[in-house]
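Below you'll find only one chain, the form predicted on its own, shown as structure tokens.
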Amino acid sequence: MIARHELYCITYPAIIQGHPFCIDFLDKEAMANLPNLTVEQIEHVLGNVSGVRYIARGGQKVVWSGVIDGTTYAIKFASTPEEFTREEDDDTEVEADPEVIVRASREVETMRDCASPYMVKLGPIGLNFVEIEGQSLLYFTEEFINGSDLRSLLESDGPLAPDAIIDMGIQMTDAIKALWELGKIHRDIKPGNIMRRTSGDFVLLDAGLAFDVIGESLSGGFLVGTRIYFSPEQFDYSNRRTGLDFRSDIFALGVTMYEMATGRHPFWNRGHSSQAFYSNVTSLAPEPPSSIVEGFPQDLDNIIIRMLGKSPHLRYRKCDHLTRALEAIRGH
């Protein structure tokens, strides 16, 4: 079941001793403004929902689950600014809305439009706004995933077997490709945002930070996401719009596959300074997984290391190329 907390942070770029690095701050204001709701209030607002159950809170949202028309969905609520007003079906107005609303709009839009079966899907209720006992809230539903996120699996069961890593890589590459066909980059691919269903398939979550290379930025001039999964080019803010494409997501997927293979991050250890991490991610050649895990396949080694190329052109030029490379070694 969905049992993780969504954490939201803002990453501020900075320079120390001539080196760029980032400082991460948890958005405590957003945490403090999370809505307080009861089962009865949710049932009243949604009308046709039953079996409402609390799941988690964190970042900018509180997550519940409930049954609608016989199917269980995740229900997400977030607070909106008190001064916010919305004109019905006015897409232009949405783009000018405060950050939490823009991110929720982007998340709903991406779930609705992404064709990959490995991207979490929008539920029957799209983005809506309601006031409950003086709280101005937005809410929407999404697919409820039976399973566990990879971060939890790594902590409880240890690294994945190579065949599972290959399957995860193929399925997440499918999601990355489908997002890129929409002109979007996920920007927050990491173990905590990938669920493994009880069926064994994998699904990508949390499109709220998706970057639209055609539309306006949602980051307000800051780097957002999870710093230790940034590609080297994500630190180059001056070249962000022209320098980012699906290969940044390929890099983050490579970091995730490396971590799920070895139990270690390729560039970061707890206690590392931001400056040390930046130096590692931009210049360190990580140890091949086979040097850490006995018997790890050399062919998969080579694919993961290529995904971690320092420059985008050193990675795979197309998602299909990566998919074919992974499919070619499946079952070896």
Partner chain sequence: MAIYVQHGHGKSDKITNALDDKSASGVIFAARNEKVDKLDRYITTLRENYECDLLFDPQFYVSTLIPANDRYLPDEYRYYEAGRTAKDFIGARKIASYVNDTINFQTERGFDRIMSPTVIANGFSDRWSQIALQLADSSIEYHSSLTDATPLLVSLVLSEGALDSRSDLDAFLDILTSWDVHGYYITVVRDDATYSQSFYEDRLAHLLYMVYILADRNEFEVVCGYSDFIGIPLRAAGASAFATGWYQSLRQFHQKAFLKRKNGGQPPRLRYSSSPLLNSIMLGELESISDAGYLDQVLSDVDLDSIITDATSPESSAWTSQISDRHHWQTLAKLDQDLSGPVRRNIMGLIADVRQATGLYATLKAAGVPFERNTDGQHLFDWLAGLQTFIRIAAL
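Just so it is clear, the model here is predicted, and its values are computed rather than measured. Positions refer to the first chain, counted from 1.
The protein also exists as the form predicted in complex with the partner chain; that form is not presented, and the subsequent description refers to it.
- Residue contact with the partner chain in the predicted bound form: Asp163 places no heavy atom within 4.5 Å of it.
- Put simply, Arg247 is close to the partner chain in the predicted bound form: some heavy atom of it is within 4.5 Å.
- None of the heavy atoms of Arg57 is located within 4.5 Å of the partner chain in the predicted bound form.
- Proximity of Arg306 to the partner chain in the predicted bound form falls within the 4.5 Å heavy atom cutoff.
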